[in-house]
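In structure tokens, the next block holds one chain alone, the form predicted on its own.
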């Protein structure tokens, strides 16, 4: 490990950290909204099943929040240890959003503690529900601030170049750079979509095991409805993002779509592979659709990859990441729409085994789409760490000990993953929802559980 390239090892360590952390970051953003919605419906309908959903989701939410603290701290540590040149140059520009992200996280965590401690302590249940809103806001603001840092790396603004680096820094202009609106929109929409799909998968699995039928039916109907809603928002965010890329990062769009020559009425390329001459084969071509996605005009001219120096072109394999992300997004939209359609058609049983297994599959697929999307976003910025100003190689540490850091952090993430899974299993297996419903709401008939 000592002899490996420190730049490569720095990239690999950052990759495994982000791949692991993004799971808990996504849950941290999305779960609070689901809890708040479930509790609100439970109060308004006077339905204990929805209230129990909020209780159990909140109880499980504490575990990923705790793990997210560790992985988030690891990211902050690695920014300084692995990318010292980047932090020396750009650290004072991104310091404000990094600080505000920590503040937003603690804001969320404090109100989560208050929310968990105050169940059944108010005469009016709505008083307790109001406490869920700061958790939702804190999660969203945490995502907003950290996403502005990533946006800045893609479209850096808010500074001037001085003799010793960046000067005349305007931190607000740096935060609200051109990439911020589309990236924040996409991050929030996809986080809510992913969490809704994961919770739908859990409910569908519960129905397949024939446990607490009424409880899981209501959970499934709610989460699939939210999956469908946020799948639409995520599709809109993807469309907006494509238009942003066409204007500000055309090389990323061109690499992701294997669009080599500048031309109008450009085809959207799906799937396929590249031959030895880097020519697409086995692809599905949708005539003019890339031009439409980029500029809302089927005849618009889209910049090809040939316009950029070879050293500044992103890797062409990001096309597969884009395809996988979009394919899963379409699957989530389609399966949630089909379930809701079947629920309206009385002749069909929407809770049939095939549909339930498809919904079980949608949970892990949604999280994979998040991972694929971030890989596309980060690799699509290569070779830059700060687009147009600093390459990844220039920013990385030269320390020969990064390999050992990689091993230690990998062991840490494996331990955290195993501990988190074991604790979550204990929390719910030792406290089945049937027993909790009977204990908390004894007036519910057994058949209604």
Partner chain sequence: MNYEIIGISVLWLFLYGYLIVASVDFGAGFYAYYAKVTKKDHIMNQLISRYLSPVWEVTNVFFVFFFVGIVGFFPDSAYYYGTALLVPGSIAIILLAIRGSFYAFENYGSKQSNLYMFLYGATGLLIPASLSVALTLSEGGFITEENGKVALDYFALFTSPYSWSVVFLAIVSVLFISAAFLTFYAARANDVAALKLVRKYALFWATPTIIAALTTFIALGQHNERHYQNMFDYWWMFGLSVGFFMIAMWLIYEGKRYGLAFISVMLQFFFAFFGYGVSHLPYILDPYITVYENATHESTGIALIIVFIAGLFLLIPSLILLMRLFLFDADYVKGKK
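Positions refer to the first chain, counted from 1. Since the structure is predicted, the reported quantities are computational estimates derived from the model, not experimental observations. In this text, rigid core is short for the largest set of C-alphas that superpose within 1.5 Å between two forms.
We do not show the form predicted together with the partner chain, though everything after this point is about it.
In the predicted complex, at least one heavy atom of residue 402 sits within 4.5 Å of the partner chain. Residue 74 belongs to the set of residues with a heavy atom inside 4.5 Å of the partner chain in the predicted complex.
Residue contact check for residue 80: one or more of its heavy atoms lie within 4.5 Å of the partner chain in the predicted complex. Among residues of the shown chain, residue 171 is one whose heavy atoms approach the partner chain to within 4.5 Å in the predicted complex. Proximity to the partner chain in the predicted complex, defined as a heavy atom within 4.5 Å, singles out one entry of 295, 111, 337, 233, which is 111. Only one of 344, 353, 209, 121 comes within 4.5 Å of the partner chain in the predicted complex through a heavy atom, and that residue is 121. Between 243-251, 216-224, 326-334, 94-102, the stretch whose residues reach within 4.5 angstroms of the partner chain in the predicted complex through a non-hydrogen atom is 94-102.
When contacts are defined as a non-hydrogen atom within 4.5 Å, none of 181, 202 and 429 contacts the partner chain in the predicted complex. In sequence order, 59, 62, 63, 65, 66, 67, 69, 70 are the residues of 50-72 having a heavy atom within 4.5 Å of the partner chain in the predicted complex; the partner itself is omitted from this view. When two forms of a protein are overlaid on their rigid core, residues whose CA moves 2 Å or more are considered shifted, and residue 344 is not one of them between this form and the one not shown. Relative to the superposed core, residue 247 undergoes a Cα shift smaller than 2 Å between this form and the one not shown. When the rigid core is held fixed, the Cα atom of residue 122 travels 2 angstroms or more between this form and the one not shown.
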